[in-house]
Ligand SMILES: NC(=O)c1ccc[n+]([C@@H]2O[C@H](COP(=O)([O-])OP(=O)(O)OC[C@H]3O[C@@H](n4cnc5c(N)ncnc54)[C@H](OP(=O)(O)O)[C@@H]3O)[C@@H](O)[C@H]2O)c1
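Given as structure tokens, the chain that follows is alone and in the form predicted alone.
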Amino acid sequence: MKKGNRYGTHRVIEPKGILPQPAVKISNDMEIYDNEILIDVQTLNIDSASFTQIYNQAEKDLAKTEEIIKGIVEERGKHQNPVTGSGGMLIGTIEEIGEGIKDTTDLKVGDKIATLVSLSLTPLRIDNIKEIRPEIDQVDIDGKAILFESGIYAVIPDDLPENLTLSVLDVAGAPAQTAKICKFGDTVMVIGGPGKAGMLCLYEAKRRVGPTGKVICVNYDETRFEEIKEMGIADVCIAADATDAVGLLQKIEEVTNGELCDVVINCVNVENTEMASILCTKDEGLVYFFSMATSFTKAALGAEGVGKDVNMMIGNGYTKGHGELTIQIMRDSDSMRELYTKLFA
């Protein structure tokens, strides 16, 4: 077997000398290097912002959506949306393990895993698209993928449905980071709270802020507000347009007595919500942009333009233990598991 670079740079075709994620094109030849793992792919879970953009571009036509998805992979060797730059993740079965890592990995041929690295850097080949489920951003395929030596993953647990596991692991970084940044007594707002990432963030935020804290769920309409209230994962639910920064600010001032939020977590999949997130945050508070629709130029220059001294955190999809923490939520909360199974599995 040919020797490969730990981070997969040997797969980069254009431009040479950079990592696979920012590369325009990578090799999706499925003959593995000595430090790679070959996966027989079952399902792609496409990033919400990416799938929304593709589906809208296809005018919500499934045949056109399939054509766009295949076209991206054929052109780039990976599923990296050229508009959003984001990818997603996958579930599949280990087919082959490179000779150089057989003794260092705990995986074996036949294990079913979910990759916890983005499709935007994962060599992927799609042979056939079997089904597209736009309501949960999932695509069932016949195909293969490569996991690099540096790639992280989660073995699919036996006690949860596979599609549920895939759905929650896709956004595992959000609740795990929420657990790190929310403190006892904080006021926390989650924009896009009723979404797949949002409800997990509400759950973790509510656990962390305690009885003296406040968790605010924001959405453009009242979707799932009733379920969120019943589960007790938010103290206040607000229907508001997060692209209307001043309008949302006025509502948050009302429910916080003008004090605003210690932490704002942005989980939406639409553009132009940066300023609402920033305005609703206290000076020296924290904005966590988990959304891949975020423009960090708009956020940085916008905060400067309105004189807001806030800390802004990029939504890194990885933090230590994020997969385990998120899967445990599904085990600990019957109501969350039942709702997520209904909506996303």
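Being a predicted model, the structure only gives us computed values, none of them experimental. From 1 onward, residues are counted along the sequence shown.
There is another form of the same protein, the form predicted in complex with the ligand; it is not shown, and what comes next is about it.
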Just checking whether S48 would be counted as a contact of the ligand in the predicted complex - the rule being heavy atoms within 4.5 angstroms. yes
Is it the case that I191, even though its partner is missing from this view, gets within 4.5 Å of the ligand in the predicted complex, heavy atoms only? yes
Is G198 part of the interface with the ligand in the predicted complex - any heavy atom within 4.5 Å? yes
Just to confirm, S277 within 4.5 Å of the ligand in the predicted complex by heavy atoms? no
Can you tell me which of 61-69, 40-48, 304-312, 26-34 lies within 4.5 Å of the ligand in the predicted complex, counting heavy atoms only? 40-48
Taking V171, A240 and N269 as the candidate spot, are all three within 4.5 angstroms of the ligand in the predicted complex by heavy atoms? yes
Of the residues Q250, N128, S150, T223, which one places a heavy atom within 4.5 Å of the ligand in the predicted complex? T223
Among the candidates N219, T165, T178, N81, the residue which, in the predicted complex, approaches the ligand to within 4.5 Å (heavy atoms): N219
